[in-house]
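Okay, so here's just one chain, in structure tokens, the form predicted alone.
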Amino acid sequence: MSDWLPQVASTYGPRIDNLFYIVLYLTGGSFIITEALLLYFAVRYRYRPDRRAHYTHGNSTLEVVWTIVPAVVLVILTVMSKSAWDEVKHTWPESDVNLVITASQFNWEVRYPGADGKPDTADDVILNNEMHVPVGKPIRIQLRSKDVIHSFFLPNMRLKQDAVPGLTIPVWFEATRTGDFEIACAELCGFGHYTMHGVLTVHSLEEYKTWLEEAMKSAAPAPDAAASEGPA
């Protein structure tokens, strides 16, 4: 059943998948049971000419049970989700791979710090709809938008975050396998939304170093960073 999800390729991806399946099984099972009972009662108590309606108060014990059980399940799911949420949203691992990604209609601009090691300077390496990272290292991203709200989505990394004009939002992931993966926009951002698509390439560490060295040698002078970021 897990084959219908995109292949997971990040360190925190399996935890997110496990939570997804737990919620899916609980809600799916509840839906099937509820619909089966609905069908049973519809048939069991269907209209008959010789049957008379009568008032019933119900069953207080049963009402207490079906109130408490879902409440307990929701509390357990909240506790389980919080640790995963904290790992994804409230941690910022140390790393020497720090990128700035700026969304615009309908493009992902990816900036790598140049030889000075600082982002938003003239020697940055800039790619469009293309991203290269090493496997096994945290990738730290400062996410921005020039114009409207976009949603930076890496399905295989189980990472999705809105890019909001005027804000710089930190996100991170650590890839666990090499290969090419999709970069998508998950927010309807205009008529060309469907074209806002890129490719994330995860290299081995040595391949990434080689790629970065070549990219720095061939990089053209970067435009002013403030102009790239858009309105604050």
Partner chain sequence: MSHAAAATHDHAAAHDHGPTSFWTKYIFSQDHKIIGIQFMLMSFLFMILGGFLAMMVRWQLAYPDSAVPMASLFPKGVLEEGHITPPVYNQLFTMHGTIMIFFVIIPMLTGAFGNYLIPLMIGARDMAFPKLNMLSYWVFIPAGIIMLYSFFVPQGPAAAGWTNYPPLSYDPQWTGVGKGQTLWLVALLISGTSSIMGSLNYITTIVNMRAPGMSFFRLPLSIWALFVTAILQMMATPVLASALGMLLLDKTLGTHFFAPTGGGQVILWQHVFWFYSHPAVYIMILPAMGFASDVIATFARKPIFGYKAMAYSMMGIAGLGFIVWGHHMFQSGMNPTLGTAFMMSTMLIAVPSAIKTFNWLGTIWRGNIQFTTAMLNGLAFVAMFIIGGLSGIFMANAPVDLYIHDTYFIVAHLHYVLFGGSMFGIFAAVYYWFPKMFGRRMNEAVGKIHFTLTFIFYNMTFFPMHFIGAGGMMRRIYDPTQYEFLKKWQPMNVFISHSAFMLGASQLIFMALFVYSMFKGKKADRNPWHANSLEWVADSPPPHGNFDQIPTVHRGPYEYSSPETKEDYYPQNAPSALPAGAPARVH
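None of the values given here were measured: they were computed from a predicted structure. Numbering follows the first chain given and starts at 1. Between two forms, the rigid core is defined as the largest C-alpha subset superposing within 1.5 Å.
Below, we turn to the form predicted together with its partner chain, even though it does not appear here.
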Query raised in the report: So in the predicted bound form, does any heavy atom of residue 207 sit within 4.5 Å of its partner chain?
Result: no
Report task. Classify residue 115 as contacting or not contacting its partner chain in the predicted bound form by the rule of any non-hydrogen atom within 4.5 angstroms, answering yes or no. Result -> no
Report task. Mark residue 78 yes when one of its heavy atoms lies within 4.5 Å of a heavy atom of its partner chain in the predicted bound form, and no otherwise. Result -> yes
Requested in this report: Using the partner position in the predicted bound form, report whether residue 179 sits within 4.5 Å of its partner chain, counting heavy atoms only.
Outcome: no
Query raised in the report: Of these, 147-155, 93-101, 116-124, 130-138, which stretch puts a heavy atom within 4.5 angstroms of its partner chain in the predicted bound form?
Result: 147-155
Query raised in the report: Which of the residues spanning 162-189 lie within 4.5 Å of its partner chain in the predicted bound form, based on heavy atoms?
Result: 162, 164, 165, 166, 167, 169, 182, 183, 184, 185, 186, 187, 188, 189
Query raised in the report: Any chance the CA of residue 45 moves 2 angstroms or more between this form and the one not shown, core superposed?
Result: yes
